[in-house]
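Given next, in C-alpha cells, is a single chain: the form predicted alone.
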Amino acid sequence: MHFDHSYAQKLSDMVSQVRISPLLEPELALYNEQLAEDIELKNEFSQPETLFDALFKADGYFNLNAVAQKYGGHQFGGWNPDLGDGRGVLLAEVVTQKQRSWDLHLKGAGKTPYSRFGDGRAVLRSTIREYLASEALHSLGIPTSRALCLIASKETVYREQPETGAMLIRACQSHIRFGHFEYFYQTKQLDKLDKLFTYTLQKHYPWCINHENPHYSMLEQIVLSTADLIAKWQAFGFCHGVMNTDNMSIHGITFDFGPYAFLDTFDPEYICNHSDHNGRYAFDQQPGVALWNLNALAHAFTPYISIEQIKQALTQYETRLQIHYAELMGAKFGFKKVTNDDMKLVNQWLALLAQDKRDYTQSFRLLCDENLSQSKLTDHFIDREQAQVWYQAYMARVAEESLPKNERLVTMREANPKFILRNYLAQNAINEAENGSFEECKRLLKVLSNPFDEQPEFEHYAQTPPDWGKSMEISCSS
C-alpha cells in the first residue's frame, strides 16, 4: 500500500488546495476495520492520535495534501455551474499491492472555495446516515462508496436548529462525477475537458484505450454500469432521493447520500426527500432520471464521438436495465430464467403489494418461508381473493423449476434480505449517538452486515416501523 495524489497532481488546475478545519474535541467514534483491511490501509489510522495528527496538524500528511474538486451539475433538472466540494476534500488515493486505487475523501472538512454560503461542516445526523447506508448497501451487493470512519465532536453547527458537527472519511474508486465533465464542457473549457478525459481513461478505464474509439467505449461502460446500479436499487427498494448529476458517479456506484430511504410500505410513487415537491426523484422515477442524467453527461462526449454513436451508447441503457432487473427479480421469486410471462407475475405481485400497502421487504421474505401455504399468503393481504389467484399462479410456475424446494428457498433467501436500513432504525442510532453513545450504531452495523441471515437474536430489527417511524420526512440539510 502507498498513497498517491494523481488527480490533484495531473489535474492541478481543476482543484483548490485546502486546509482542514479541526473539529472541537474530536472523537473517533466508528472505524471500519474490515474496509481498512480490504484496501490495505495501515492499521495505525485506527489510532485516534495518528489519524487526527494526519488530518489536523499543520504539517499532517492528509492536511498538507487535501484538495477540493471543482464541478457543476444539473440539480432537479436545472443547470448549476457553481458547485464543487463545498465541505469535502480529497485526502489521498490508496494504491494496493494489486494496483487497485481507492480515493480517501473527508466530508465536513470546513470551508472551501466552493462552500458558497455554507460553513463546510457536516452534522452528526447525516454523517451517521451515510455511514450506515453505504455499509448496508455494500452488504446487499449494491455498488457504493464505503465508510472508513466517523469522527464525532463537541462542536455546534447550525442548520434548522443547533446540531453536532462530525466528519466522515469515505472510500471509493474515485470521486469523479457526471458533473465534472458537464462543467468543463458547459463552460467551454475544452482543454481542461480533454485533460479530464485523458486522465479518466488512463486511470479508471484503461481497457477502453485500445478500443477503436476509447471515448465511445467509456461512455458505453458508464451507461451499462449505471443501468446495473439502478436495477439493483429498484429490486431492493432503495430510493436515493437526490439524483442530481453532481451526485452521479462515473463508476456506477451509489454516491452522496442525503435523504435516502429503503421502502417500508411498497409505494412505487414514494418520495423520500421532503424538498422534492414535484416527485422528480420518486422511487418509480429513478430509472428515467438516471437515463436523463446520462443524456446530460453525454453532451460532454460530443467533441469526441458523433451524435449517432452517443445514441447507440444510450439506447443500451433500457435493455440492460430491464435484463438485469428481470434477473434480480427472478432470483427473488426463485426463477432460474425469467420470461415475459414471469415478469407479468412479478408485476401482479407488486401491484398487490401497492394496493394493500404491504411491507416490501417482509413480503418478499415471506415467499422464502418453507411453511408458506395459500392461507399464510392470503392472510398477508387484504384482498384475499386476488392474493389466492396470484398464489396459485406462482406455485404453478415454481413447480416448473428443477431445483428441489429446499435448494430453491436457500437461493431465494440469498436474494431477499431480512434486514434493511429502515429510517426509524437509523434515527434510533442517531438519537443515542447525539446523547453520546455509538453502541446502537455498532449493533445496527453488525445486523446490516449480514442482511440475508436469520439472526434470531436481532429479530426486532426486521419489524415494520412503529407509527412514529412511518413515512419519515428526511431533508438534504447536512
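Heads up: residue numbers just count along the shown sequence, starting at 1. Not measured: the values here are computed from a predicted model.
The same protein also exists as the form predicted in complex with a small molecule; that form is not shown, yet it is the one meant from here on.
Asker: Taking the partner as it appears in the predicted complex, which of 112-120, 141-149, 299-307, 356-364 has residues with heavy atoms within 4.5 Å of the small molecule?
Answerer: Among the candidates, contact is made by 112-120.
Asker: Would the small molecule in the predicted complex be within 4.5 angstroms of a non-hydrogen atom of every residue among 71, 75 and 247?
Answerer: Yes, each of 71, 75 and 247 comes within 4.5 Å of the small molecule in the predicted complex.
Asker: Using heavy atoms and a 4.5 Å limit, would one call residue 83 a contact residue for the small molecule in the predicted complex?
Answerer: Flag for residue 83 set to yes.
Asker: With a cut-off of 4.5 Å between heavy atoms, is residue 159 one of the residues that contacts the small molecule in the predicted complex?
Answerer: Within the cut-off, so yes.
Asker: Heavy atoms within 4.5 Å of the small molecule in the predicted complex: does residue 256 have any?
Answerer: Looking in the predicted complex, residue contacts with the small molecule include residue 256, since a heavy atom lies within 4.5 Å.
Asker: Does residue 87 make contact with the small molecule in the predicted complex, using a 4.5 Å heavy atom cut-off?
Answerer: Although the small molecule is absent here, residue 87 would touch it in the predicted complex, with heavy atoms inside 4.5 Å.
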